[in-house]
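As structure tokens, one chain now follows by itself in the form predicted on its own.
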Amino acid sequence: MADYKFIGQPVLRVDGEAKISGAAQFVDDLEFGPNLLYAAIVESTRAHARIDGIDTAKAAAVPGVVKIVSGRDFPFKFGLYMHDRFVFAQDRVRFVGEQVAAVIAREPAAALRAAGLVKVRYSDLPLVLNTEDALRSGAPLIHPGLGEYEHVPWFFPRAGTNIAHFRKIRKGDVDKGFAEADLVFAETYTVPRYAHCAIEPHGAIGLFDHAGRLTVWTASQSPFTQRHLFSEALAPLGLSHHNVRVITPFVGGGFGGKAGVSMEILAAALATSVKGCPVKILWSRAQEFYNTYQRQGVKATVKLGVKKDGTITALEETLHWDAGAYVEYGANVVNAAGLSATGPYRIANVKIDSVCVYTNLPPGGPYRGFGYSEFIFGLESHMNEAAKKLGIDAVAFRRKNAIRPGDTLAYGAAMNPSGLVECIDRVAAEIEWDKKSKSVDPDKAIGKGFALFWKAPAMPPNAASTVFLKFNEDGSLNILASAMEIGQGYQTVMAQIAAEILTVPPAKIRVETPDTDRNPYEWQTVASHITWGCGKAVERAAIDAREQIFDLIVRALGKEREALYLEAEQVKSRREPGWALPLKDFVIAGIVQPDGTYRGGPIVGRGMFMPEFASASSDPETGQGGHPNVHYTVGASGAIIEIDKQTGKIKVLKAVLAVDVGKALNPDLLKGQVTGGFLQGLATVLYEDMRFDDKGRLLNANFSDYKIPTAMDIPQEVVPIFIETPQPDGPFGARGMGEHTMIPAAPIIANAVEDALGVRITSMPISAEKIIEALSGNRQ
């Protein structure tokens, strides 16, 4: 094992002091002077209606109002993977809360008051509020123009229907597989919509200056993607990439909700209508619920064929996703889930239909786990049921069928190196799977649950990361990158990678927040790929800087290159034990020569990473032929729970999660991800549930009615286990794991409930009420 100084160590967070002291600035903290204007949005009160007219006369008379705009001012589409959304609604609205118009005023109160006075006349259209109605023959079309929309080549929309994308996977012969099975059974599992609930709401400030430059400050996970989409959408106004700039300060949580572009397009567009004045728009907590991406609901039908010895012979899954009114990002969640819906199992015969369905609910989009949490709930519940029906231990059943390195994935590529079997064994041992627990309280039952998980970064094949690394006069470093620090500790890990190569301590390295004019390109901070992708770019930038240093030493001092190495911020030579040259002495100033001239100059490293082997090209009827996923991070998880049989309340006594991270670059940060991710997953299992009425209106857009966990809900004991099977192309062998820690939460709780009480809950959340209802049904 390599002897590292900084890698693998619990290095303190490099952003910790700024956040603890309050020095860290978030988008609402930024000052813009007396010319700052404020915008309020006129939102649709209908879920599906034609816009017949907009009357702004009363609103325009409110003192302080500067401008009122609507769809006629911005008839521009935008979208990340599919162009199906307008900046402002045009002829029709498709969900309650959709932006119809905006009021710009000198004070927030004036903007809000005026927005309330804008009168919009609607003619209602038939509503489609669930996937069953949307897929019914003759269903009202939410996007009659679907066939004309631009989209990425790996989407397969069906014009004349409400199907925005249909991802098929076909491997082997599923009918033959079911015929070979001794047991074939099916069940349907449902998962509702969820909200991200980040601490910081969405916010953006746009400024279109008199030189024609548009600058937008955003709370975002995707500065460069936003610049690209702003430039595309506003190109009819004469804007292009070089005169659009996005600056992103610290962000107070994202979980996918701040990826891509949602409300930020409003600040960009509105700024162009009041040249020279910055325009600020902040979402309220309620808007944060109903007018940003939501996690999509899904109805999953799982059919499994198994032999008596536990061998899985066939899997058929149909996933119907409630993607909402616009799918410009959400359809890629559906795509990613379809590619990986087998879970981490070796299955010879597979049929998967992952269907992205338009409804008149708010747009679905990325959420931590990117569709995996949703399908894993049904799949891992079903695996437990299969083992039970066959009389096989649930852990042994999983171990027998677990995917191994080199196995063929459902879409035809080979599985990457991974330590899934070790994860299974470690978790089973930690929760003493082979021992049955019993409560001493007759009103309480103890249950154990177990589940596997996996996830691949869901990203386009050309997603890239770029990094500049520059030395300062004192030998310290600034890393210019455009990934986002959203609480996961990315800045610290990037500093550790550079520190390990250049021997400069992380405390002397600053990782800058993104500015698309100053920092190099990064695709997005999503998909648990930043440690891997951006980390690889940092590693390459540091190596580039190190090689420049060695080149200079050879050129200026004539040292033997092969003997040079870095140690303790100095260049040293294995040939000359007593010789050392501190970095601070030459990385900016260069090295003086006997004649008084200098060699060298400022050292700036550059690193780039793009997975050049990835490809999204495949047969649309089978999904075979490409390499859409770069690799998988795998793991196993278990829990011990206690259930009050009188109230149905669940208490998690112990949670264990083993994940193969390739290399644990900073174990303390990883432990934080395990505890936080599991708690977020637990929230979706036990509490959270978005409720809509029959008009498509969200009923619980607040934290009084939409329950999230508190510190009181953290399991009594959380045990993280890190397995290290190196990822060949990862920095020091590392791969991402940020999303993975919440993915198994639902099935381990569902399986533990079944173990404790003998009832199977097939819909989330697994609330106390459902448990009591299920127990009542059993008693009857």
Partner chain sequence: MNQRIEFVLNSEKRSVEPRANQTLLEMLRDTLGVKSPKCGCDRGDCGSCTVMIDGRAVRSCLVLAVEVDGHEVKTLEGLMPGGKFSALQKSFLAHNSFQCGFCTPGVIVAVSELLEKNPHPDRNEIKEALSGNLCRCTGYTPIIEAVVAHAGREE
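Treat the numbers as computed from the prediction; the structure is a model and nothing was measured. Numbering follows the first chain given and starts at 1.
Keep in mind that the form predicted in complex with the partner chain is missing from the display, and what follows is about it.
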The single option of Pro505, Pro582, Pro709, Gly626 touching the partner chain in the model of the complex, heavy atom within 4.5 Å: Pro709
In the model of the complex, the one of Pro602, Pro460, Pro417, Gly252 near the partner chain [non-hydrogen atom within 4.5 angstroms]: Gly252
Residue stretch of 726-734, 66-74, 53-61, 711-719 approaching the partner chain in the model of the complex, non-hydrogen atom distance within 4.5 Å: 711-719
Within 4.5 Å of the partner chain in the model of the complex, all of Asp91, Ile281 and Arg295 (non-hydrogen atom): no
4.5 angstroms heavy atom contact with the partner chain in the model of the complex for Tyr367: yes
Close approach of Thr675 to the partner chain in the model of the complex, 4.5 Å, heavy atom: yes
Interface membership of Leu304, the partner chain in the model of the complex, 4.5 Å heavy atom rule: no
The partner chain contact at Glu432 in the model of the complex, heavy atom, 4.5 Å: no
Residues of 10-41 having any heavy atom within 4.5 Å of the partner chain in the model of the complex, listed in sequence order: Leu12, Arg13, Asp15, Gly16, Glu17, Lys19, Ile20, Ser21, Gly22, Ala24, Phe26, Asp28, Asp29, Glu31
